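Here's a solo chain for you in structure tokens, the form predicted alone.
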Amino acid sequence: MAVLRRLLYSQKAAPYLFIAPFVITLLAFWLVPLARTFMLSTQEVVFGQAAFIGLDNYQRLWEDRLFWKAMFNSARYMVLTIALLIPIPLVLAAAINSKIGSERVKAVFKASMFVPALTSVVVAGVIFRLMFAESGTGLMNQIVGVFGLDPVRWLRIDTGGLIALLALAMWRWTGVNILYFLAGMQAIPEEYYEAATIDGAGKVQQFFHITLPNLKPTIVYVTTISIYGGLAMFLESFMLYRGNASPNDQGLTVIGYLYRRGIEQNDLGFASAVGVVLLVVIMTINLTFLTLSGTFKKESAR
């Protein structure tokens, strides 16, 4: 106890003791599995026996048409979700943050928009699968029927399946992004808007010249996690198509492809190579985006 007390009260040792749980967790659940994945990606694993094969898995991956199909599906989903889940929640957050309308109605709206994020993806996937059912009784087909159109086989065609996935993403994450942007807006000093109003700036001008510049860190953060979320999406597609198989592999994502090769086909070495490539792609895109956005630039001394 005396030794522990001296360590805790030591100005040199105490900081290391306090960060030790984080470091241990990082090593146990991130760095060690990552290193193990790199090792597996250079091996052929058969019935628990691993043999070193160098970069053969990566060569097979490069020549696999299905991998590029899955990568295209994930990249397309990522780009479209960013295009939808950045501007729309941003505008809605600005409307909630404004002084127009009832505060009680705004509070109810914020609470209701956040509820989907608390809903299980499994439950949400089943519900959206029923909504986009092929029969005329499906909700989406009832809607198109109002306009005199024939029922659409949503999940049998590429565009229909993509619309269903995007609708599910919008339903789940719009409320979360609204709260991110709303928190950023409420951190902007009110004096900025008061000064702009005195100078004769309208609401639109204030939004583009005050709100957006001050929201840059929040926008960068939301975009960064959206890049990862888009490329790492799996369970939504898995539930929507009742498994990892979809017509013409239109719903196959990179994680779905990894699951197919590693779990369904028991090719753990090849699946590890897929995981390593996905990690490199996500890190490259995010680091490039953060660099272009000026996140790593040092603030000039005033």
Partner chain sequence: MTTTRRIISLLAAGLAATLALSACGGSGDEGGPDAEGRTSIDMWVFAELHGTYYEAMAKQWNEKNPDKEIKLDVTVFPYDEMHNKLQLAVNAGKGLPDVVDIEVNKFSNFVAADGRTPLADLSEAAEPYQDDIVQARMDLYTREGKLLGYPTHVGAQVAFYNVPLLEKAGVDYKTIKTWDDFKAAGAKYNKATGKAFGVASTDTNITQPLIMAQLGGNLFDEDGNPTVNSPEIVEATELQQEMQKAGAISTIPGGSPDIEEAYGPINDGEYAAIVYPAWYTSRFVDYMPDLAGDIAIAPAPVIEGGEVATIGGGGTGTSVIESSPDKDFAMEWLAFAKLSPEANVAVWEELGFDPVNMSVWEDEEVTHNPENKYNKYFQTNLFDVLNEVKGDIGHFESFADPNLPKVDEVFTGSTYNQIFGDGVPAKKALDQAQADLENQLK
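Note that this is a predicted model, so its numbers are computed, not measured. Residue numbers count along the first chain shown, from 1.
Beyond the structure shown, there is the form predicted in complex with the partner chain, which is absent from this document and is the topic of what follows.
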Practice task
Assess the spot marked by Arg156, Arg242 and Pro247: is the partner chain within 4.5 Å of a heavy atom from every one of these residues in the predicted bound form?
Solution key: yes
Handout entry: Non-hydrogen atom contact Leu268 with the partner chain in the predicted bound form at 4.5 angstroms
Key = yes
Handout entry: 4.5 Å heavy atom contact, Leu27 and the partner chain in the predicted bound form
Key = no
Practice task
Check whether Gly54 has any heavy atom within 4.5 Å of a heavy atom of the partner chain in the predicted bound form, and answer yes or no.
Solution key: no
Exercise for the section: Answer yes if any heavy atom of Thr224 is within 4.5 Å of a heavy atom of the partner chain in the predicted bound form; otherwise answer no. Expected result: yes
Problem - Position in contact with the partner chain when the complex is considered in the predicted bound form, options His209, Arg129, Lys216, Lys106, heavy atoms within 4.5 Å - result: Arg129
Practice task
With the partner chain left out here, work out from 225-233, 83-91, 199-207, 109-117 which stretch has heavy atoms within 4.5 Å of it in the predicted bound form.
Solution key: 225-233
Handout entry: Stretch 32-56: residues contacting the partner chain in the predicted bound form, 4.5 Å heavy atom cut-off
Key = Pro33, Leu34, Thr37, Leu40, Val45, Val46, Phe47, Gly48, Gln49
